[in-house]
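Starting off, we have a lone chain in the form predicted alone, written out as structure tokens.
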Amino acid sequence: MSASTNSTPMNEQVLQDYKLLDAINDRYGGVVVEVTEPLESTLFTSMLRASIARWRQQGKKGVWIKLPIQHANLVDPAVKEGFWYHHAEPNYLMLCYWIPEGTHTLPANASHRVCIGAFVMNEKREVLVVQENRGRFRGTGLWKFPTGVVDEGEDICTAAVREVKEETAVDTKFIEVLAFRQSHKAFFDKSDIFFLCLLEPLSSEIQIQETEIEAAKWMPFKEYASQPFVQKHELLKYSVDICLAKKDGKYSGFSPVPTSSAFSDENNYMYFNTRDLEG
């Protein structure tokens, strides 16, 4: 925060002379401001300083300012008043500020990306595999499981079915999460959680997504597992062992069970080993 906001507290009369920013209280003792109307930078600075003074009097802590992209002219004056970037989306930037003295306790931006890999095997013990036409495996000849990123607000089980459909046009039914792996320093230095999912095929005809997929086919599982790249890497070797054990009835993964939550009005899924729980 600039010296003008910190060193010269505004008295009640001065505060009344300024128009304050519209804000709503959050559940953690802070406020959220969403700028919806155009503001000139100098006026915004005055309103922001007066608002912070008011919020300090009220004992508020964190301040969040959501700036739609059309109001990007206000980023510079907010930063000059001590705000910092928290996160950005395609249509807005979120800035934040901590009023009390000392280290802030505002939550950090999301630190993980969630991805899925889809293990789809038919009655002939053939597995659905693809070759990518971009990324690190482009041109390597590697056949791999369909993979993808879980969208915001999307369940893991839904994402797995969607990715298989998008890449290969094969319809599937989600069965279980077989395993998951956490890694770090991945996309934009964020951490990554990858879920290996078992899906049951409901159709067999393949039509590739040409923007991402070079080829797709049903391949004998032994042929997939014998690829040098698969044999060389522990992650893939473990995946092969898990998938094979599952198909042979020697392994039980985590099934999606619809649940309600005390923290949200929306239903979601909890994944657990339902077979052993019932036993």
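Predicted model only: the values in this text are computed from it and were never measured. In case it trips you up, residue 1 is the first one in the sequence shown, and so on.
One more form of this protein, predicted in complex with another copy of the chain, exists but is not displayed; see below.
Novice: Residue 250: heavy atom within 4.5 Å of another copy of the chain in the predicted bound form?
Specialist: Output for residue 250 is yes: heavy atoms within 4.5 Å of another copy of the chain.
Novice: Contact between residue 268 and another copy of the chain in the predicted bound form at 4.5 Å, heavy atoms?
Specialist: Residue-level check for residue 268: yes, a contact with another copy of the chain.
Novice: Test of understanding: in the predicted bound form, would residue 124 fall inside 4.5 Å of another copy of the chain by heavy atoms?
Specialist: No, residue 124 is distant from the partner.
Novice: Given that the partner is absent here, does residue 166 sit within 4.5 Å of another copy of the chain in the predicted bound form, heavy atoms only?
Specialist: No, residue 166 sits far enough from another copy of the chain in the predicted bound form that none of its heavy atoms falls within 4.5 Å.
Novice: Answer with one of 221, 44, 254, 55: the residue that has a non-hydrogen atom within 4.5 Å of another copy of the chain in the predicted bound form.
Specialist: Here the answer is residue option 254.
Novice: Heavy atom within 4.5 Å of another copy of the chain in the predicted bound form: which residues of 179 to 200 meet that condition, in order?
Specialist: If the 4.5 Å heavy-atom criterion is applied to another copy of the chain in the predicted bound form, 179 to 200 yields 179, 180, 181, 182, 183, 184, 187, 188, 189, 190, 191, 193, 195.
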